[in-house]
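There is one chain below, alone, in structure tokens, taken in the form predicted alone.
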Amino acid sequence: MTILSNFQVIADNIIYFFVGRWPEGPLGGVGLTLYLASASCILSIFGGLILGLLSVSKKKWISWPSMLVINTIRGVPLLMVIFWMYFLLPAIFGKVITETRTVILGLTFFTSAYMSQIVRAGIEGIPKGQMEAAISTGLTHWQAMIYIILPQGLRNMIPSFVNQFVSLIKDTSLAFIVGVSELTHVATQINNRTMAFPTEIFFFIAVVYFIICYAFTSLSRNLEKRLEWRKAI
């Protein structure tokens, strides 16, 4: 009974865990975590497509700088990237940028580098004869890449994109460093307010993270099976 009563703190704050102060205040908790991950993932797909296409360019003056940027970003901790965005963006633009936008930009900047390697692998997985056949019809290299190669590669990239989204969900926990009220930050606030049930509070958010990530991981596995089944046909 004592153990169950300790978890009463979860029931008392369940709405705050999931949506923060919304709708009377800003969105927080699980809702903000999913928003940060979704917005960053969508933007990162576009960023990854651009960097990935540039990195497979036949022109060295395009591919080498692209790979330098990609490898530099991948070699820096995400926490450092968020700090860069938090302190540098206001100095560059001369105005205050909200913490939520700062985190989205930081996650996008960081994840785009990893997305680019998914794009690169997807493109290189297409037989070279496809490019040669497309060029023989009169298409330029870039036209063949955009209209022939990339659409075929994207189908193989989808499961990896979903896996990267799962990683993004976990990476959003670093947003609490700059005061963004995602799930981890909300749990810390509740723990600081109660000062009595840290085990129960952080066990609960661990379960929430697991459920969300497991759901999307299962989706990724199902997508992979469907794609393999279609290839077999």
Partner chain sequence: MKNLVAILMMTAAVTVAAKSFAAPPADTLAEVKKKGVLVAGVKDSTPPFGYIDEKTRTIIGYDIDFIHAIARKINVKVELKPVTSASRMAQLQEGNIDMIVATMTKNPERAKQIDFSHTYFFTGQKFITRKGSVKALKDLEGKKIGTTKGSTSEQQARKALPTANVLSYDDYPQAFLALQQGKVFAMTTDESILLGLLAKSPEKSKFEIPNIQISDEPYGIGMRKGDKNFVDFVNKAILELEKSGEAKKIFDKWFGPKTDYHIQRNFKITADK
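Here the structure is a predicted model, which is why all the values come from computation and not from measurement. Residue numbers count along the first chain shown, from 1.
Omitted here: the form predicted together with the partner chain. The next part is about that form.
By the criterion of a heavy atom within 4.5 Å, C41 is excluded from the residues contacting the partner chain in the predicted complex. Taking non-hydrogen atoms only, G125 never approaches the partner chain to within 4.5 angstroms in the predicted complex.
Proximity of K225 to the partner chain in the predicted complex falls outside the 4.5 Å heavy atom cutoff. Taking the partner from the other structure, the partner chain in the predicted complex has no heavy atom within 4.5 Å of any heavy atom of S220. Counting a residue when any of its non-hydrogen atoms is within 4.5 Å of the partner chain in the predicted complex, the hits in 189-204 run Q189, N191, N192, R193, T194, M195, A196, P198.
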